[in-house]
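What follows is a single chain, given as structure tokens, in the form predicted on its own.
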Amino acid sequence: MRLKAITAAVLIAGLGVIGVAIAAEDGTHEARSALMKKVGGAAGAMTAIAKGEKPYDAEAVKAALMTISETAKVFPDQFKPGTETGDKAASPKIWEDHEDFKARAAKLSADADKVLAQLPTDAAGVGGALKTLGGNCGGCHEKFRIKTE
């Protein structure tokens, strides 16, 4: 049973990376949203563990962290010059301060990689990792995202 869970987690993580690579070439609102949904899903999986809604599962945590790390690496590529229009959630600040935008994404990826290197061993550790990763997400959203209702 454990081998099936590990195999499934590896397969899902691999498909997530392939999906990121495919979507990363688009630069549309839909492609950007798809990438953010990958991060949101990964964070949601970790949140369920941190809150005790799901049991601790090292493979699920690894898969979530890999998704966050890999997605953060390709996300800035969605915002090349010429893609400034058609996305009401993307602030013009992304293109005005693209170096900071890229640096924030790189920090999120690096922080996810650091957590992967010293994988939390329980729900409390996953919660701590989420605080770090969530701080990265929140800071970037605060500066570079326009809330749309």
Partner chain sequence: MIRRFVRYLLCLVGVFVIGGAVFYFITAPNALPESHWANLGDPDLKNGEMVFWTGGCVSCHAAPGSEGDAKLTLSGGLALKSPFGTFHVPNISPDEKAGIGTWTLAQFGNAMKRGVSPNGQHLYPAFPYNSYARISDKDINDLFGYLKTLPKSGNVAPPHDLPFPYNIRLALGGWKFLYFNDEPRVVLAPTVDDKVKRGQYLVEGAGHCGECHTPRDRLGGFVANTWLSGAPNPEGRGRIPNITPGSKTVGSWSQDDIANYLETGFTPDFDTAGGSMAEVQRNLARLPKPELEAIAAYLKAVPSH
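These numbers were taken from a predicted model, which means no experiment stands behind them. Numbering follows the first chain given and starts at 1.
Below, we turn to the form predicted together with the partner chain, even though it does not appear here.
- Here the chain stands by itself, but in the predicted complex one stretch of 111-119, 26-34, 85-93, 66-74, 85-93, has heavy atoms within 4.5 Å of the partner chain.
- Proximity of A105 to the partner chain in the predicted complex falls outside the 4.5 Å heavy atom cutoff.
- Using a 4.5 Å cutoff between non-hydrogen atoms, G52 does not count as a contact of the partner chain in the predicted complex.
- Contact check for G134: a non-hydrogen atom falls within 4.5 Å of the partner chain in the predicted complex.
- When the partner chain is considered in the predicted complex, A43 lines it closely, a heavy atom lying within 4.5 Å.
- Along 116-148, residues G134, C137, G138, H141, E142, R145, I146, K147, T148 each place a heavy atom within 4.5 Å of the partner chain in the predicted complex.
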